[in-house]
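Before any questions on how it binds or moves, here is one chain, the form predicted alone, in structure tokens.
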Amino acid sequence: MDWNAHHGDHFRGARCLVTGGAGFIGSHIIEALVSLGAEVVALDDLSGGEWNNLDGFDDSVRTVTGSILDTDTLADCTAGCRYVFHEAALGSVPESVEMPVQYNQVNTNGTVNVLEAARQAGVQRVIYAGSSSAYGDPPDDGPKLEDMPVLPRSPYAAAKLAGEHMMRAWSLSYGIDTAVTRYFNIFGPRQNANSSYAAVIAAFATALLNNQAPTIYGDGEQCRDFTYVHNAVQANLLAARCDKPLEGEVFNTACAYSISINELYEKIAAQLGRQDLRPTYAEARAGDVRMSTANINKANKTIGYEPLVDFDTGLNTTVEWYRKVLTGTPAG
């Protein structure tokens, strides 16, 4: 991705902190910032990421292994920053059902710590990774709008939503500007496929490449607005550089297009030539939502967001990345 074509010199020389910088989305944000000439600090406790995700551009990044629960480390990392991209979080709905206290501690209290460090450091804007899980399962299965009532169904969703409210509260109470990019099922290269809670694209690709039948939870007819990671990066950068106060506004970050989990399996299996490995079905998982599609009109109108990469292109790129990483044999 040629980020300079989209953002020019806006971030050149700007000091930026990316929490969760060794993780999937955080590392892609850092890669873009480095290419744009920013001065980047990456903070990560390595519970879900690894510094290898920064290979190839890490020479331009100050890496700090530490937690957003450590206020002294946050103060050090935030000093002199213009922007904070807050990506650090525990990120699994099923795991949050098993570990609700830990999820609240990291995702809620940790977010307050990030905001306080940013306020004390005089940061211009904090951009927060929200989650479409905030919408829950409303009666209307239509596209999700940011002004809809929020109906979280899991401790993860509730804690991420609390972070969104903190963004607005700190902005209105203390004058530090904030914005929320509410992610819809972000996927792409570097997404962890080794966890038992791996996101579905990573899990499907990994299973098929290991000659195993993937597992689908529920009947597979649940739909998701899968969003390639470069679209998430674009939303973050646009929110950061917006020339008017955002005051904690929420912006759906998606493609406004969804497919079922069954359709997703068929696409990945066809690309890998493993339609013979039919999925097995298991009981639906607690906290999962049925339908999830975004309306992105607000993000388009306010910060100029529109997807840079369509779903099929992103999926093909991602599956080929898993093929190369897991088997060492790219397509063709």
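As the structure is a computational prediction, the values presented were derived from the model and not from experiment. So that there is no doubt, residue numbering starts at 1 and follows the sequence shown.
Although not depicted, the form predicted in complex with a small molecule is the subject of the following passage.
When the small molecule is placed as it is in the predicted bound form, which of 30 to 38, 297 to 305, 62 to 70, 260 to 268 ends up with heavy atoms within 4.5 Å of it?
This holds for exactly one stretch, 62 to 70.
Give me the residue from Ala205, Met167, Ala129, Val233 that has a heavy atom within 4.5 Å of the small molecule in the predicted bound form.
Looking at Ala205, Met167, Ala129, Val233 one by one, just Ala129 meets the 4.5 Å heavy-atom criterion.
Could you tell me which one of Thr78, Ser171, Gln191, Ser154 places a heavy atom within 4.5 Å of the small molecule in the predicted bound form?
Looking at Thr78, Ser171, Gln191, Ser154 one by one, just Gln191 meets the 4.5 Å heavy-atom criterion.
Can you work out whether Tyr135 and the small molecule are in contact in the predicted bound form, taking contact to mean some heavy atom pair no more than 4.5 Å apart?
Contact check for Tyr135: no, nothing within 4.5 Å of the small molecule in the predicted bound form.
Answer for Phe11 alone: is it within 4.5 Å of the small molecule in the predicted bound form, judged on heavy atom distances?
No - in the predicted bound form, heavy atoms of Phe11 and the small molecule never come within 4.5 Å of each other.
Test of understanding: in the predicted bound form, would Tyr183 fall inside 4.5 Å of the small molecule by heavy atoms?
Heavy-atom contact with the small molecule at 4.5 Å: present for Tyr183.
I'd like to know if Cys16 sits close to the small molecule in the predicted bound form, meaning any non-hydrogen atom pair within 4.5 angstroms.
Output for Cys16 is no: heavy atoms all beyond 4.5 Å of the small molecule.
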